[in-house]
Structures are given as structure tokens and as C-alpha cells.
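Form predicted alone, single chain, as C-alpha cells, below.
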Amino acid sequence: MLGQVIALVVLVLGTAALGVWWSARQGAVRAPREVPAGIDWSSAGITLAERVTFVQFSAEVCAACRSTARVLGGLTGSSSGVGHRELLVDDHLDLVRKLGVLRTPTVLVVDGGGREVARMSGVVSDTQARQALNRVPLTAGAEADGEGQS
């Protein structure tokens, strides 16, 4: 009986620790992955904004994707030179593989020159989106001079 109680306590504590770890990862701004240089965003149907574009990979049956899209849409509406493009993973499998997207929603923060500067996975809050936006200098669009866009 004592062994079963100990096993149950260990199971509950392990599950709680896993839950805390998982919650801490939701929407966290991380460094970009190493991906092949020269992603042609225009061939994927993405026109980049002048300063930064949030490229969101979503799935049709993803509630977290809809929530993240609302947050990013609100931020882009209130910030100059900031855009938001949402792509369905099913329609862009080649890009998903090339960029190493493993879950939805995944948001890539792409500067005006087409370079990924940050990445977020899971539900993104307004605070986390602003933190990612702050990783791109205000002059990024001017320095890039349209590089990577068509």
C-alpha cells in the first residue's frame, strides 16, 4: 500500500513539473533556428512589411492559432511598418520542412530583409509579441533596402 502511495505522489509531482515546464514554453520568444539562407518569401505568397513581419504557421483546427492571430493582428494594426501573414501548414509543407516548424502556432519574426530574427511557438500574448518586435531595430527596413522582397 505504501509503495502505491509513493508511486502516486511521484506521478503527481512529475505531471505538475511537466505542466509548469510546458506552460513556461508557451509563446516564449526564442532565437531563430539555423535555416538555409535565402528563403524566397514572395514565392510563398508573402509580401514582407517594411520593418518586421510576423509569419504565423497555423492549422485549420487550432484554437491557439486563432488566439495568436488576434494578438498579432492587433499589434500590426497599431504599429507602423509591422505586418502579419498567416499560412496554413497543409498548404505550405515545403516551407514548413525547410524552416523546421514542428507545431502550430509557430510564429517567425522576419525583418524587412527577409531574415528570421526570432521565433515563438504556442499561444502568444501581447507582451510576448511586443518583446519579439523589440528584437528588430527601428531602422531594419531601411538597412535591408528591400532585400529578399519582390
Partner chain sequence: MSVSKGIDPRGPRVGASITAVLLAAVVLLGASTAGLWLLTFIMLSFLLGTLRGAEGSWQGMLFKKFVRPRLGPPGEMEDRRPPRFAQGVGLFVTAVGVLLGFFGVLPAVPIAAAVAFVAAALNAVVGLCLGCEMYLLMRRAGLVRA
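We call the rigid core whatever largest set of C-alpha positions still superposes within 1.5 Å between the two forms. Quantities reported herein were computed from a predicted structural model and do not represent experimental measurements. Residue numbers count along the first chain shown, from 1.
The discussion below concerns the form predicted in complex with its partner chain, not included here.
The candidate stretches are 60-68, 109-117, 46-54, 78-86, and the one lying within 4.5 Å of its partner chain in the model of the complex by heavy atoms is 60-68. Using a 4.5 angstroms threshold between heavy atoms, residue 15 counts as touching its partner chain in the model of the complex.
In the model of the complex, its partner chain stays beyond 4.5 Å of every heavy atom belonging to residue 29.
At the 4.5 Å threshold, heavy atoms of residue 39 stay clear of its partner chain in the model of the complex, well away from it. In the model of the complex, no heavy atom of residue 137 sits within 4.5 Å of its partner chain. Counting a residue when any of its non-hydrogen atoms is within 4.5 Å of its partner chain in the model of the complex, the hits in 73-96 run 89, 90, 93, 96.
Remark: with the core as the superposition reference, the CA shift of residue 15 between this form and the one not shown reaches 2 Å or more.
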